[in-house]
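This document opens with one chain alone, in structure tokens, the form predicted on its own.
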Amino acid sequence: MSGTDPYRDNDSGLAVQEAKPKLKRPPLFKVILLNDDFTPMDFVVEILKSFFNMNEDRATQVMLQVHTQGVGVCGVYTKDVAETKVHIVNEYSREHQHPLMCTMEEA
């Protein structure tokens, strides 16, 4: 065999080049609250503090954004986490007889 065989190294063993895995970050999703005319502002702030770990000031800012612009972003998460947060917030709202809707969209 020729000494220029690209599949053999100098020790006559098979040369293996390790392929580096091409890892992509998982797609991220925005968790969004939608405005309605019935859910009290205090309840929205409570949700933002409880489920999105916001302090009082940040929760108030997002609540006002929901109130004035119709939507507010609560956070950006991987798909599984976003789906779970949407489900938990919607269930919690229903349990407390509020129509507040939480949804998600790709970031």
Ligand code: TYC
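A residue's number is simply how far along the shown sequence it sits, counting from 1. Computed from a predicted structure; not experimentally measured.
Absent from the display: the form predicted together with the ligand. The rest refers to it.
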Exercise for review: Spell it out for me: taking the ligand in the predicted bound form, does every residue among 34, 39 and 66 have a heavy atom no farther than 4.5 Å from it?
Suggested key: yes
Check your understanding: Using heavy atoms and a 4.5 Å limit, would one call residue 82 a contact residue for the ligand in the predicted bound form?
Key -> no
Study note, to complete from the structure: Near the ligand in the predicted bound form, with a heavy atom at 4.5 Å or closer, the residues from 73-101 are 100
